[in-house]
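Structure 1 and structure 2, given next as structure tokens, are two forms of the same protein chain, each shown alone.
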Structure 1
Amino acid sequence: MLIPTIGIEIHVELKSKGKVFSKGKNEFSTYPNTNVTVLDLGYPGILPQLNKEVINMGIAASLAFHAEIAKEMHFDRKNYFYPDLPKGYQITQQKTPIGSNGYIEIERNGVKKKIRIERLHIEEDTCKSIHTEHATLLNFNRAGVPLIEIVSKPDIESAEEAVLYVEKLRETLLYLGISDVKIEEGSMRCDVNVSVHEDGTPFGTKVEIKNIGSISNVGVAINYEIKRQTEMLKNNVKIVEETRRFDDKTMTTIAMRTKETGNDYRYFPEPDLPYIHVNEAWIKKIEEKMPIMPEVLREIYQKLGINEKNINAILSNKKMCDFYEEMRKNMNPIILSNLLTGDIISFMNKNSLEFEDIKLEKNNLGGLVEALERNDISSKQGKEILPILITEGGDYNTLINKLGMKQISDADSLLELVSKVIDENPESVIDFKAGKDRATKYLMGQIMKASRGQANPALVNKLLIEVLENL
């Protein structure tokens, strides 16, 4: 049986205010070549200046991934010639990565596994190439945007593990607040190395896969490549080291170029940037500002009794999770999680809305949660109120009074209503005595109709059965 071996390299764009070595703005612009300086364009004689904010973000990422932080580091020049790199070299960290020997812990089918991280290093992004029918155009807005490259050890053994690893890495960086990590928009780019080998034999020849545009496609690309390589070996076809791209239309990998020899980038220390010395005080200062991580929140939510489906839904939406964290300590956390991950997410998906687009506020949603817990309103009424709170906002109590939706839970008032409906429907009483279930359902419907949906259904059902059984 052939065993897959998988390693993943992930480039993540950081959300610093400025670029890593220039004074250019690090912000997305729909207008090409507007966030550009002469250094980004590779003008000769212009000296780089390191952005300290980027180092702070690199330290935070290293801490989050349990990596050893380099106390002394420098930048290197990676020399190659390509149109997207006008200087003829990229400034990166080859010899002294900011973080090394870290790990990410994933869980699959109740079993936990650590995927080792070989290194995290900081580098500058290149400009963006736009290929047209007649020419290749260059947009330098991306040139000099700070990146962290995170390189895993070849510890991943399946597509499922790979997807879990990428999801956990993305989630961690998102909660750190240092990147948008939107793989679909290019702020997170994923390259996968895949090989297969017989158990007990050395690793096989690895193949690199690029151009993977979503996390789910990471798994698709890996499964296809495992199948392709397995069939080649069964047919005695030699696998060559090459770079392939993932085609999301055919869901296959396509050869781009072979690697007959290793790349010689002629690395040497960047002479225009000083060495960086990181002491424990610097690391501690960043550690103290670290936000609470998703795995810690997961344990808290499990202890609160929230089901795994709801936990995953909350944690997958950072803004929703922040909102939930602000609210859960002052009200029923389970009712709150059910609303957020049920009707609210459903409404957002149906109307193509992001959480920041809706008008929910802590006070108005909190009022709804408390009303549901006290049985002031029914769950059905809650479903009617939520779309109004989502689209219009406003005060919960004012809305309830305006809609006349306050639930009737007074036993004496409901008993009077139950008796009246029973008196008006003697046939249903006969059906109930005959053991027909439909009688109770019909009478319940008539009572809810008479109360315009405001009667507490649980209490009504209890009173109705008691009265019927005593007739």
Structure 2
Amino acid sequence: MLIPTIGIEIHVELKSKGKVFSKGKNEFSTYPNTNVTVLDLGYPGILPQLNKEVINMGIAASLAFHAEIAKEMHFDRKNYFYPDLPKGYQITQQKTPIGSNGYIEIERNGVKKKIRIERLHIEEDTCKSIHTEHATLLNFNRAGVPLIEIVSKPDIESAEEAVLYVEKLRETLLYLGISDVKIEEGSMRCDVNVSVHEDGTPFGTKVEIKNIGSISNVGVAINYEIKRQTEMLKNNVKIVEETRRFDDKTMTTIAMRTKETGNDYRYFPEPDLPYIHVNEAWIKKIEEKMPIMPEVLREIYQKLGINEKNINAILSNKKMCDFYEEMRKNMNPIILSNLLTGDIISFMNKNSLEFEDIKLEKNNLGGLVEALERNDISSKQGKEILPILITEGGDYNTLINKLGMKQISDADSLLELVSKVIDENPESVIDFKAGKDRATKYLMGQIMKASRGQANPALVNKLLIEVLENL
């Protein structure tokens, strides 16, 4: 039985205002070469200056991933010759990564597992190169954008675990608010190392897979690679250490052309940047500003009695989750979670809207939740009101009255209705006496219809049975 061993390296672009070593704007632009300084272009004689906010973000990420934070850091030069880096080296943290020995806890089928993180380090992004038939075109907007690279230990044993790890990592960074973490847009990039080995033997030769464009394709690429390597070993073909790229058209991995000399980056300390010291006070300051992490919220929601489906839906949308956090303390959290994850998400999907695009006035939604809790209105009526509240806004109570929706929960007036409908349907009474269930259902329908949907169904049902049984 062959066992897969998987390690993942993730690069994440940080959302600081300025770049990591220059004051160029760290902003996405559709126009090439419009956020560029001499530092980003790598001109001779430049002197980098470290952006403090990037260190703040690095500390926050290290804390979130339970990593030890380096108290004294410096940067290193990684030397290589390629046009995406005109100065001939990338400034990175080889020797003193800001975070080390952290972990991410994943949960699969109720079983928790820690995936260890070897290191988190800060580095600069390169410029973006586009290869045409005859030339390589360079866009320096991305040059110098701060990156955090997060390297896992080879603790991942399946494609499913890998996907869970990447999802958890993404969710955490999203909640920290330090990156957009959109793999499709390149603000998160995943490189995966895969090897297979026989149980009880040393690790196999690892193959690196690059260019994976979505989280689900991380799983697809790994499964393909496990199968490919397994077949090779079965046929006694030696696996070579190489870099392959994922091709999303064929859903396979393809060998990339590799230099025979291999990687030789000749790292040495970056003399242009002085030492950085991080003390406990600085860490504490960041810690105090840390948002509540999704894993903590999950536990809180479980205790509130929210179902797993609703919890997942709320946590997967940061903006919605912020809204829920603000609202849930003042009203019934279960009803609120049902509204958000049911009717509101379907409204968003139907109209192709993001959560932040919809007008949800807190007071009005609160009014609706309370009305539902008191059974003033039925959940069916809630469904009708919600789109109007979203599209038109306005005061909840005025709207209810305008729509004539207030639920009738007054037993006397309901009893009047019940008696009237029973009088009109003597056949149903006979059916009821004969023990036919559908008779009650039919009568219920008639009463609800007569009340134009405003009758409190639970109360009507109770009254109806009472009257029928006493006939």
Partner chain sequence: MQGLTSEEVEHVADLANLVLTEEEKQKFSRQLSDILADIDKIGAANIEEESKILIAPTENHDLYHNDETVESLKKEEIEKNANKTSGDYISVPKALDD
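Bear in mind that the values here come from a model prediction, so they are computed numbers and not experimental data. Numbers follow structure 1, counted from its first residue as 1. What we label the rigid core is the largest C-alpha set whose atoms superpose within 1.5 Å from one form to the other.
- By the stated condition, namely the form predicted in complex with its partner chain, the second structure is the one that fits.
- Once both forms are fitted on their core, a CA shift of 2 Å or more is seen for residue 392 between the two structures.
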